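Next up: just one chain, as structure tokens, the form predicted on its own.
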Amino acid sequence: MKRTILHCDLNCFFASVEMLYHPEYRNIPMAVGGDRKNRHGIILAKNVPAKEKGIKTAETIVDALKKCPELIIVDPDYASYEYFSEKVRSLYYEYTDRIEPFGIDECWLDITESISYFGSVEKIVNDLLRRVKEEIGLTLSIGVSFSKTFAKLGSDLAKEDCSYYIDSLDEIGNIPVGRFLFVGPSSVSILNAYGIFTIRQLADTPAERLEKIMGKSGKTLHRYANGIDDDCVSLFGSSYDPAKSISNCITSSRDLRDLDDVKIVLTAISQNIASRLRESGSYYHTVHLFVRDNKLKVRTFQKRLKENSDLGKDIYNNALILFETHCDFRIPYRSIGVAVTGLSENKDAFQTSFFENSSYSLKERKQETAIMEIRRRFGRNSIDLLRAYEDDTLSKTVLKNTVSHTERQDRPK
């Protein structure tokens, strides 16, 4: 059976969420930006009026204000963005259980098995566009194709609140190769030097030649450009249900350049998630790591535990293992997120041993429970791990943005 895969991308996500709280921003140039004092100000998202003024994501706020002096700069509110991201994914889950996040605002959906139930691909796509707009107040661009890479390209080509269908290479052959997934600026320069400017030219170049030019990724790009992409839309956990996941994502006050920086961020995130797990009485089976570098490239990884846990220590250790296994610092990182899934109300049975340590520590649980109780009685900052305070500038931003759901303000309806 030919697959049908959607790539759903929330339009101007951060800016769109801010406009839900502040409708007065809708018709004036507005952008969400980083801390101008601590990170020299980078544009994280912008609304349509700002885009029309030439404002671009990832440019400095200084450059953006030169183009548009009247530009309104809003500080990011990551707790709100996470809240709305989870809300949209809950809606996706009504149509399929095969949902693979690609950052906080993008997801692939495999709806192959859902089409017969809902009637048609068009019915599902139009439902998603309409419901996200009417029920949540945001808009989507949806790419539709038979592969993840073509679906992603489709959402990039789609207009705001619209869809774009790609059925064959012929429809996209003349599009610049730089629009294709996994072809960044440096890859474009290399490919252009060899006379490869379009996706059709990429597809027509022999795989062996591309491997000589690009290394191992050359063969992969050749397959993807020819529509040969059997990569499954993975389940987010054993059976992804946004109502049964807890996550936290932080964009740092400055670029993360070494493992010590990453450890500070993971410490705060792990404590936040563990606190929310304990509040809900849940245990998790899988730890997911999300990273975004300062070129805005996103990568995700996951690790399933042998037995479920509710410990922040286990979240931290497994997220750190994922990072050390898959990431390096050739390009500094901007954002790190962690999610735990496969939640349940009961702890897996386990047996202690004199000869080997169990992966679940009752002593650690007592320590974390005691810390939670102290914070409940005397405030969030009454007690903390020293690692969370190793870098004053970074720590302030990290701790500010690890606020649990119960501490958030009411959301707009």
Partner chain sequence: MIRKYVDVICLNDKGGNVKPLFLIWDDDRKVPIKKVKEICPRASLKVGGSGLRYTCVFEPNRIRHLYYDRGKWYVEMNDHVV
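Positions refer to the first chain, counted from 1. Keep in mind that what you see is a predicted model, and the values were worked out from it rather than measured.
What comes next is about the form predicted together with the partner chain, which does not appear here.
Among heavy atoms of Y83, some come within 4.5 Å of the partner chain in the predicted bound form.
Heavy atoms of K51 never reach within 4.5 Å of the partner chain in the predicted bound form, leaving it off the interface. Proximity of G137 to the partner chain in the predicted bound form falls within the 4.5 Å heavy atom cutoff. By the criterion of a heavy atom within 4.5 Å, K67 is excluded from the residues contacting the partner chain in the predicted bound form. In summary, among the residues R304, K123, K87, R299, the only one with a non-hydrogen atom within 4.5 Å of the partner chain in the predicted bound form is K87. Of the residues K133, R257, R278, R209, just one reaches the partner chain in the predicted bound form with a heavy atom at 4.5 Å or closer; this is K133. Contact residues in stretch 8-34 (any heavy atom within 4.5 Å of the partner chain, taken in the predicted bound form) are L20, Y21, P23, R26.
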